[in-house]
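Taking the form predicted on its own, here's one chain by itself in structure tokens.
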């Protein structure tokens, strides 16, 4: 018969480490707090800045969408929760080391990297993945030095989802339209100085199959100096096929919005966005850099795009592709092959190891979709901890104290949530009039704020 817990074990909270400070991580932390489990929750992120794609992925002119950070901040300020920024799992410490020290480890790493574009010419200069390009204009430190050459009159954006729409909109908006955004300074200077006049959004399937949300699509018809153009011959008379009522309404709304766009340029506007459907990328042409995108016309068969053999080319100096995402591998965590996610049983990877968000289900849904993953993970942790105790196999691990001991031993500098708030205040204080912040885009500059304010960073 197993010995019961000691007095110190019986009062020690459950220790939970969450790897990743984006929506998946914060929704999980909030769900654990609501679950009734007495827990210490440590959120670990590679960047000094929390909130993941809220800061580094959401379009800089969509400040209302970014507003969810306030709820995440309230979670971070709870006494049971601590933030450890500037600590990269897989570099500074391993998943195995976390599992040794915590009762539960939740992977909320997302999918921060681009899936490769598998066509000839994809490695030419002037070809960029959307994850990198979005990270660049959002001031993500990993992509600060992408330095895209935008000296071209035409850009092709491959993809028919909101990321493609975001990239396009940021490229064609006027400086005045972006004044209230948090577009990074280096990106604003490059984009607003570029001679871009035409942007082509390329979709393999038809307009009824596009994954744009109607709000984002509708914004394309409201641009100050850019006309959104559609070939009416590519628009079907009605939405056909079997689908849910919700999907049918979404497709019908998108078609109605596209029908309202003009088919010819508006003389009063200097820029144009061209929606090009039924076309799949075949190759990128050019000697040393991108000079054009060759496309194959497609037709639909059972809602799938099938090539017709007919090709055409769009001259352009830049191609941005939004064809999917992938994540960094982590030692000791199995991946699910082509899906690019971590292998799990509905979020359970192994005993005491869980996964949420895109790393669990792939890049789908909206920010709020991650809440369901967090709720489920919190329930799984509660259930597994309870069952382990009843079986006499669930001990209490040191968690936070053991983590801080390890980080100190390795002389790793971590950024607390209070430290982040000082960085945040510095960005807000430097903001141009009407903008929410002027982003610091290098980790050294973020840490310098802490050094300047306090002499040395305080890990509390």
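Nothing here was measured: the structure is a model prediction, and the numbers come from that model. Numbering follows the first chain given and starts at 1.
Absent from the display: the form predicted in complex with a small molecule. The rest refers to it.
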The small molecule: the contacting residue among 323, 188, 124, 113 in the predicted complex [heavy atom, 4.5 Å]: 323
With the partner omitted here, the residue among 265, 332, 307, 161 that in the predicted complex has a heavy atom within 4.5 Å of the small molecule is 161
Only one of 240-248, 146-154, 209-217, 67-75 gets a heavy atom within 4.5 Å of the small molecule in the predicted complex; which is it? 209-217
Can you tell me if residue 364 lies within 4.5 angstroms of the small molecule in the predicted complex, counting non-hydrogen atoms only? yes
How about residue 101 - does it come within 4.5 Å of the small molecule in the predicted complex, if we only consider non-hydrogen atoms? no
Can you check whether residue 182 is within 4.5 Å of the small molecule in the predicted complex, heavy atom basis? no
Whether residue 129 contacts the small molecule in the predicted complex should be assessed with a 4.5 Å heavy atom distance threshold; does it? no
Has each of 62, 204 and 281 got a heavy atom lying within 4.5 angstroms of the small molecule in the predicted complex? yes
